[in-house]
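Okay, here we've got a single chain as structure tokens, the form predicted on its own, with questions on binding and movement later.
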Amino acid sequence: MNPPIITLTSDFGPDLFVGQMKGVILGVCPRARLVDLSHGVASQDVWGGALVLEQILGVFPAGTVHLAVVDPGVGSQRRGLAIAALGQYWVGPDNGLFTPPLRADPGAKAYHLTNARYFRPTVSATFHGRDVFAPVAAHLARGVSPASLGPEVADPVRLEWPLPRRDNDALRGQVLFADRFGNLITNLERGLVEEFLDGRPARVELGGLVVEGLSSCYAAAAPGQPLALFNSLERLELAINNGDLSGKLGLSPLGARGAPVLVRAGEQTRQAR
């Protein structure tokens, strides 16, 4: 039987907090394989953490446990949750962080973490990641039923997720995030864009930037030139070949989020300008 997989996502950065959570997990489930997804989520950025989790939907095998801690409400009355969704488990604070798996699986079930048997003996009011969520994730990896962790809840917190819309002759979306290369990833999925274009060339607009046509890869544009393409997430992305588009536009990683993007049907395919 393969060792269980536990992924970790947080806003802890390169500090010792991640190591402490790993120590607790391995104390409960020594066979666990630990996979760091990202600890570079901006501090207290629940939205950013949710976007990390959205990108790994469908990537890990059934039974994987995803531990995510972006928790500005730690120590308050906010609930801790274990969620069974998509054949996997998701553990962390009930603040909208788990909106992606809840959206993706209409049959998802959420459980309020109330059974202290599965916590550390002493629980700090400021570090539930170590004292509640890490041991719970480890117990799930060992085969504990999520129903053993506490009562089922019908109203887990969900973020208001931005959805594209068609508006007359344009498809309207927005930037979800800027990656570390300065590429701008939107909420416009390939299928939706291709259906809208119906074989016509694309004209992609972001503020004053206009890109004519869709590229198949970054190198399809000349170095330093902007382009639009579908990335590995099958999302429309705006980028600069060998450059940082977010930086060129003066957008910080958080400032880029929500920037409106329009797709129109162009008359001909030209180089970006």
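Quick caveat: nothing in here was measured; it's all calculated off a predicted structure. Position 1 is the first residue in the sequence shown; the rest follow in order.
Keep in mind the form predicted together with another copy of the chain is missing from the figure; the text below concerns it.
Q: Would you please decide whether Lys22 lies within 4.5 angstroms of another copy of the chain in the model of the complex, comparing each non-hydrogen atom pair?
A: Because a heavy atom of Lys22 falls inside 4.5 Å of another copy of the chain in the model of the complex, the answer is yes.
Q | Close approach of Val74 to another copy of the chain in the model of the complex, 4.5 Å, heavy atom | A | Yes - in the model of the complex, heavy atoms of Val74 and another copy of the chain come within 4.5 Å of each other.
Q: Tell me, yes or no, whether Gly13 is in contact with another copy of the chain in the model of the complex, where a contact means a heavy atom of each within 4.5 Å.
A: Yes, Gly13 lies within 4.5 Å of another copy of the chain in the model of the complex.
Q: Considering only heavy atoms, tell me if Gln225 and another copy of the chain come within 4.5 Å of each other in the model of the complex.
A: Flag for Gln225 set to no.
**Q.** Stretch 155 to 183: residues contacting another copy of the chain in the model of the complex, 4.5 Å heavy atom cut-off
**A.** Sequence-ordered list: Asp179, Arg180, Phe181.
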